[in-house]
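Shown below, as structure tokens, is a lone chain in the form predicted alone; questions about how it binds or moves come after it.
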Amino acid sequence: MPELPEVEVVRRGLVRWVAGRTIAEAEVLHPRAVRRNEGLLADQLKGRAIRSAERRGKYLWLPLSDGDDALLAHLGMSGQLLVVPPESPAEKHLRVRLAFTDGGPDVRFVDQRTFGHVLVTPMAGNVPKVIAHIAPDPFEPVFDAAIFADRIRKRRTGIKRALLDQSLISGVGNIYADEALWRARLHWARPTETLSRPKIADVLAGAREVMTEALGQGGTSFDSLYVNVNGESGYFDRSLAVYGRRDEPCPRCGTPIRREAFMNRSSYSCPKCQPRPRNARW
């Protein structure tokens, strides 16, 4: 699933191409992509201009003119928002197409697995109402590191579970959690109540650092499903220290990287740099 850097790459591409343009038509080709509101979405978007492109965590939205609402998008496992010439053939898994009054490039939502969606939602302050419960991400000015540290120490869970909890911090997924914990030299099952505030600051710094680096390389792409608006893949996967590197040497100490089962997924870490705690919380 695309995480914060990948979604931010898409947001930056979108704002360049859509800000200030007026939607002529919204065509829905799969009802699940719009939560079965095909006609409603078309009526809500026709004739409205897009003001900008914004993001919180893994969600992005396009604020609309003539009202206090926005077109919200979540890419799910395989969603893509592409900017393509209007005469381009329809993509195999095209779900929603936005055409514009200026006759310029379309915006197309393509989603092979149809776990993603787009919908029009009212705003609640600076974010769409339907995601108002999601915590700020670590790059937002409103993110409070002290509050984050206090809340995480009260959770009595494993540190990786806490990093994936979008009510505590948004935008961090499986890949960047593993990479941040490697940088902070913490095993993913370390109990949160045992962490000092300086150690939590190390984890937060690691998350910000690795996601900033990933953003500079267009994000992480393990297959062709994650792409920018122009169809290009990111290449940060070449710079990952532990994620997906089972049995390869740790870049810091040379110990073979281990893979462990975690919440129906995988966690990768260095046995020497990130020793398993005795009081592990799974």
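What you see is a predicted model, and the numbers here were worked out from it, not measured in a lab. Just count from 1 along the sequence shown to find any residue number.
Note that the form predicted in complex with the DNA isn't included here; everything after this is about it.
- The three marked residues, 21, 97 and 217, fail to reach the DNA in the predicted complex, with no heavy atom of any inside 4.5 Å.
- With the partner omitted here, the residue from 194, 121, 101, 157 that has a non-hydrogen atom within 4.5 angstroms of the DNA in the predicted complex is 157.
- Only one of the listed residues (265, 272, 258, 12) places a non-hydrogen atom within 4.5 angstroms of the DNA in the predicted complex, and that residue is 265.
- Of the candidate stretches 81-89, 136-144, 165-173, 201-209, only 165-173 has residues with heavy atoms within 4.5 Å of the DNA in the predicted complex.
- Using a 4.5 angstroms limit between non-hydrogen atoms, residue 245 is distant from the DNA in the predicted complex.
- In the predicted complex, the DNA lies farther than 4.5 Å from every heavy atom of residue 48.
- In the predicted complex, at least one heavy atom of residue 58 sits within 4.5 Å of the DNA.
- Within this chain, residue 187 is remote from the site of the DNA in the predicted complex, having no heavy atom within 4.5 Å.
- In sequence order, 32, 36 are the residues of 17-42 having a heavy atom within 4.5 Å of the DNA in the predicted complex; the partner itself is omitted from this view.
- The pair residue 36 and residue 74 approaches in the predicted complex: their C-alpha atoms are at least 3 Å nearer to each other than in the form depicted.
- Whereas the shown form places them at one spacing, the Cα atoms of residue 36 and residue 131 lie at least 3 Å closer in the predicted complex.
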